[in-house]
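To begin, one chain is listed below as structure tokens, in the form predicted alone.
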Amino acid sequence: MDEIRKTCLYDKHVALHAKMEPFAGWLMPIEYSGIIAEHTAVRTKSGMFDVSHMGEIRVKGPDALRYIDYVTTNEIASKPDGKVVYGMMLYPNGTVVDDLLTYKVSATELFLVVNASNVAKDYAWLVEQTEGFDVVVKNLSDEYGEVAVQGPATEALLRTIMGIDLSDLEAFTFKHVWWDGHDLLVSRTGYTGEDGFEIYADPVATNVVWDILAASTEILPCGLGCRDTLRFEAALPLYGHEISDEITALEAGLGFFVKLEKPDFIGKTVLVDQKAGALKRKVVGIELTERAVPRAHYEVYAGETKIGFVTTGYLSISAGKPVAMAMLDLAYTPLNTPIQVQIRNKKIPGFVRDKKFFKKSYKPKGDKANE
């Protein structure tokens, strides 16, 4: 059994009396002051997360853009330098290797951020696909720490606390910032549905950033517990739930990030067929009409017919309603279709709804992430 790992900020979490639990092979903070308080801080002001467990992979070489457009679903070659693009890597059958962010440094260099649970698998997959491309793929995950600072007051607070002006960053763009003798890569991205920034740096600099932010009473330390409730309310997928090696990109409802007009990419043939009518199921939102919590893997029914399963579900902290994302047979995915969720020995009634479970106060600056 592999030894559980600790991020470069582990001692900081212990000092703050965080509740620590294993996650994706790492010992991570789940909560500090409580999931509801932390969730609310991000929605109303600002919260910070240690996400140093995430993986960072560099692709470099003359064929970098041609390569990345072949191994991911979105289109990157036409984007300007400094752009961040969300997409997925697929197996030939259209199911998902992982979802990731691609940072376009230049025409010959890309910086990829992948899920912590998939770093080794992703790196091996990327290396395997390099045949025929003049690129070098390098796993840089051990060289980086990462702090995510999220919430509507974040831009102003980072200016006040750290003295850095990020007002020029549009949504899904990045830049390097020289701060206090450290090189920080800062992007206007996040996993909460709120405005915010992700700060990548070497482990020493990551500790310095964490310390100055933690010393402020304006930004609340947050754990992975509320990171999940926040991303869920914004309908952002989680690997192993809404996406996996058993779920295709279109079944996950992520067609916006799949550019079928590209000449080719791994998994395209299957997705073209699904788009043309072969799609049999899809992830949608559901809401229950009784106060019960629809957890992941609970079965969903229409009468006595099993029609799918819950991928993620909560009593939404922001909306105060029992809602979920669920994989349902396509015939049952139209809005307002009545459904029931099997919770213990009772079928709880509900209906199909949109997946956005709260209304964002944040209007992103600039263009959309992946147009």
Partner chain sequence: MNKVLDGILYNPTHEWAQIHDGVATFGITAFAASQLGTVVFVDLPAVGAKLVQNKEFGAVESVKAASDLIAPLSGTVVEVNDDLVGDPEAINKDAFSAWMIKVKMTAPAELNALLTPDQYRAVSK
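Treat the numbers as computed from the prediction; the structure is a model and nothing was measured. Positions refer to the first chain, counted from 1.
Not on display, but discussed next: the form predicted together with its partner chain.
S.K.: Is K355 near its partner chain? Define near as a heavy atom within 4.5 Å, in the predicted complex.
M.R.: Answer no; every heavy atom of K355 is more than 4.5 Å from its partner chain in the predicted complex.
S.K.: Does I35 reach its partner chain in the predicted complex, with heavy atoms at most 4.5 Å apart?
M.R.: Close contact exists here: in the predicted complex, I35 approaches its partner chain to within 4.5 Å, heavy atoms only.
S.K.: Examine Y314 and determine whether its closest non-hydrogen atom to its partner chain in the predicted complex is within 4.5 angstroms.
M.R.: Output for Y314 is yes: heavy atoms within 4.5 Å of its partner chain.
S.K.: Using a 4.5 Å heavy atom cut-off, state whether D228 contacts its partner chain in the predicted complex.
M.R.: Result yes; D228 sits at the interface with its partner chain in the predicted complex.
S.K.: Of the listed stretches (245-253, 286-294, 167-175, 98-106), which one has a non-hydrogen atom within 4.5 Å of its partner chain in the predicted complex?
M.R.: Result of the contact check: 286-294.
S.K.: Is its partner chain close enough to K19, Y298 and R344 in the predicted complex that each of the three has a heavy atom within 4.5 Å of it?
M.R.: Every residue of the spot touches its partner chain in the predicted complex.
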